[in-house]
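Same protein, same chain, two forms; see structure 1 and structure 2 below, as structure tokens.
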Structure 1
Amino acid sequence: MAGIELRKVVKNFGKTQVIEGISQSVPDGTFLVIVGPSGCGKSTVLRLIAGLEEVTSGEIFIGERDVARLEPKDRDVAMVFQNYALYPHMSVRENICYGLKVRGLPKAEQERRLALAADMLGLSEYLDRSPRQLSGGQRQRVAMGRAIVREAAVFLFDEPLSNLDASLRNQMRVELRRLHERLGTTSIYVTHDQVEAMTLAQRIMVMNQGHVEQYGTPDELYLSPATVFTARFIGSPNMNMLRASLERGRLKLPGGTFLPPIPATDAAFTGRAGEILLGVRPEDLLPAGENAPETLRCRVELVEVLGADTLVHCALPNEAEGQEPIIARLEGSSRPGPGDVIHLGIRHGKAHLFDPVTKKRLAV
């Protein structure tokens, strides 16, 4: 096993720069998830590590070796692709062992590694079947088995669950976590699904337009997002962003109500006045009495009943013109109807403040 370190990695396609000098370390044994919207560069980073793309400049270390100019076969990595990439004319056994056979490993060693991987992934009874006789989840297990038998220093996963239905994705996420806990191999997993990122990762790297927005644990990104982009990307539904203002050390919400004074610890916040972005997650908006102070008065536009939860889409009053609708996650028994007026309070200590110009977090 080995850690990974990217040092000022740049990737250009022609005159277009798609990776903007990323420097990041992934400790040995870490399960890192790279997440971001389509086109942000996350799959390109994975392909640079694998050697499927050449770096324009910079260094990529796996363990103590700079592998940036090495061939993929010399990097000691194993990759699992989105489309499984199985040979249809080969059995499961032959697919898993093909790379070992090409490398000339003795038959006994091939069988040892095959038996371990098949037992780990529940494939022992399917070894003589062809890929077309397997379900999507079973095919993905075969692709993972092929990576496991390599006994590589690093595993790379490129959106491996995106072709599965919701139930299978949930099941495979659990299996991937168990697999990592058992093997402890440094793993990098690319996805656009932030739910996968939160449930699988020990560390998350959020990417946006070729650069790293934030790197940290799932809790750090969820509880203390460093930028508006991270705040909106991590969490489902997205964090609400309200255009508030600061007056005499207090936050004035759209509609004219005030939040209690906030004890500022950031010099950028102290003594500040004017516009500010207030972020509130849907689950941190709470029903309040009609006459309760410091609440948002909203008109219900749409209600989504999810069983345990109810998502309520609300419009703020006319004096908050230009403000996008907000979403509150209420208990499943709460069922306001479209057109109803409700009052929402903000859970204590759950307000996130951002500079409206730089879009960066203000610590409070």
Structure 2
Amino acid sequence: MAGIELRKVVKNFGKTQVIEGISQSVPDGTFLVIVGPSGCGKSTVLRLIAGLEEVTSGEIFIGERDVARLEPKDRDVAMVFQNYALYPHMSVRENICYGLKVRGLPKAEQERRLALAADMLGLSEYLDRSPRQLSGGQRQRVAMGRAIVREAAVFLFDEPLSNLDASLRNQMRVELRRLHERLGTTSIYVTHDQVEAMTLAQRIMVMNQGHVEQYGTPDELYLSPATVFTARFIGSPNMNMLRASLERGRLKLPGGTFLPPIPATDAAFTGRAGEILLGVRPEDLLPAGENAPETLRCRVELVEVLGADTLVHCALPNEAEGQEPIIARLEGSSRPGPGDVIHLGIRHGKAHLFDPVTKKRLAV
């Protein structure tokens, strides 16, 4: 086992820069999830680590070794592909043992590892079948078995669950977690699904257009997103982003209401005035009394009843150009109807402020 460290890793395809100099270290034993929209470079990062693509510049350390110029087979990594990449002409057993056979492990050792992995993944009965006789979930397991038996320093997963149906995906997610707890192998898992990222990860790396937006624990990302991008990308429904303004240390909301004074301790605010972006998660909006001074007055447009709670889509009138959409997650029992006017307050300490130009977080 080993940690991974990327140092100023750059990747160009022809003239296009796809990875814009990523430096990040992943401690030994971590389950890291790389998440981001499609095309942001997640797979490329994974393939650079695996050695399936060559870095344009930079270093990649696995443990103490810079592997950036090594062949994939010399990097001591195992990888699970999105389409599983099982060898169709080999049985499950041969698929799982191929990497061991190629590396010349003694037969007995191959058998021992095979038995262990097959047991762990519930594949023991299927060892003599061919991949095409297996269901999607079973193929997925074979692909994982092939990685496990290698006992490699690093596991790499590229959207391994995206071809499964929803319930199987949830089940496999739990199994992956267990597997990691059991083996403790440093793992990098790529997905575009932020829910998958939040539930699986010990650490998340949010990527956007070839760079890292934020690196941290799921809690850190959720509770204090460093950029507007992360704030909107993590969490469902998305965080509401309102154009507010700062006047004499107080935040003026669209519609004219003021929030309570912001503690002047934060250097970012002193002497600051003008436009600011205010982010509020739907669950941090609370129904408030009509006469409370610090509320958002909005008109309900659509109500989604989810049972445990209710998603209320509203329009918030603003001074300049009419309306801004806003979503609140209210208690299940609360059922405003379309057309109603409701008053929403912001949960104390849950306002996220961002610079409208740099899109960076302003307050902690």
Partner chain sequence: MQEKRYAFAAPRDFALAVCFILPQLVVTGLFFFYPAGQAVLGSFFMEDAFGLSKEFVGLENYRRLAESGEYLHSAWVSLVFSLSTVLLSMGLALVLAVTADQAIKGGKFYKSAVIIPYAVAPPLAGVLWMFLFNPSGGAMTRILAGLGVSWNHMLDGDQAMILIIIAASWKQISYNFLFFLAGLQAIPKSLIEAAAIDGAGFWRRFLGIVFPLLSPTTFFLLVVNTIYTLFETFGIVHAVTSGGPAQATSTLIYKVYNDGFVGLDFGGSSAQSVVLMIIVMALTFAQFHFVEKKVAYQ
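Keep in mind it's a predicted model, so treat the numbers as computed, not measured. Take the two forms, superpose them, and find the largest set of C-alpha atoms that agree within 1.5 Å; that set is the rigid core. Residue numbering: sequential along structure 1, first residue numbered 1.
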Q | Number assigned to the form predicted on its own in this pair | A | 1
Q) Any chance the CA of H89 moves 2 angstroms or more between structures 1 and 2, core superposed? A) yes
